[in-house]
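We begin with a single chain expressed as structure tokens, specifically the form predicted on its own.
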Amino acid sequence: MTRADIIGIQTIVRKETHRIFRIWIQTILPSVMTQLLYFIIFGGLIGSQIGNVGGTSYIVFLVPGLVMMSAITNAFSNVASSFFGAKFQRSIEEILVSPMKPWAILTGYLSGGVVRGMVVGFAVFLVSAFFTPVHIDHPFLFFYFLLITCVIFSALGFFNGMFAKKFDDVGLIPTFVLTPLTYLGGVFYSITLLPPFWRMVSYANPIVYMIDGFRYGFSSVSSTPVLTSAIILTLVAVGAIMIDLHLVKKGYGLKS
């Protein structure tokens, strides 16, 4: 790692982090307010009529899913919009001609997405304390699954940002891919309650493993083996990063 790489990564991370907190009303507050409404409606009103799910109260079951949903959305959108913005403003050309290596460019942007995803995730988690006592059963797993999820969706956001041709392209994947997969990933229900066929279909959704692993770290409740979830997500993260790195090296979506 050269000094140019270190300075370049620090510069990108500082720029991304400063933007996140400078316009926190747009980057942090909306997700927190949305999840607050979910807590009130599903956790407080509907949850009281549902009873226990997997041996825990419904609102305790709900917390990990809402935290992960906000982290996924923010990690993805931060990198996708930021990187596409750099392309649109043509400032990415200055980075490409700098001494920074492709992996350093990727690290800088992914770090920004991870920061936003983690910050919003923890903010939503703190909001949940107003509705249910907060206790983390397995802190390491709690942190790991949140982190690896932010890494994966930051990498996917980078991929989206590379190939987006217009601002509308940045919003297509969150609307038509991320939202359906998240809602069908066990945020509001346990997949063990599904019929056998739909349960098998759910296992093809990677977000199931993210939410289940995180839920286990929070309340020791999981419908999938935690070790299996950790291995699958680690492999997905490595694969997504390697694909992004290859595309940056080749200049796909970057060079006109």
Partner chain sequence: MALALSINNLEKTYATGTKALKGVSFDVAEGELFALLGANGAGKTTLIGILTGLVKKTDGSATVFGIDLDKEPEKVRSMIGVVPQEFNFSIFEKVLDIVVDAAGYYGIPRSEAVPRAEQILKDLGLFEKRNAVSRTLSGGMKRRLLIARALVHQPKLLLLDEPSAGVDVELRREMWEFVQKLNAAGTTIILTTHYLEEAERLCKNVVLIKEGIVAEHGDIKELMTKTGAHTLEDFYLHVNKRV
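Small disclaimer: the values here were computed from a predicted structure and weren't measured. Numbering follows the first chain given and starts at 1.
We do not show the form predicted together with the partner chain, though everything after this point is about it.
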query	finding
Candidate stretches 125-133, 86-94, 138-146, 69-77, one within 4.5 Å of the partner chain in the predicted complex by heavy atom	86-94
One residue of L178, M100, V151, V170 in contact with the partner chain, assessed in the predicted complex (non-hydrogen atom, 4.5 angstroms)	M100
R14 within 4.5 Å of the partner chain in the predicted complex, heavy atoms	yes
M1: touches the partner chain in the predicted complex, heavy atom cutoff 4.5 angstroms	no
Contact of R22 with the partner chain in the predicted complex (heavy atom, 4.5 Å)	yes
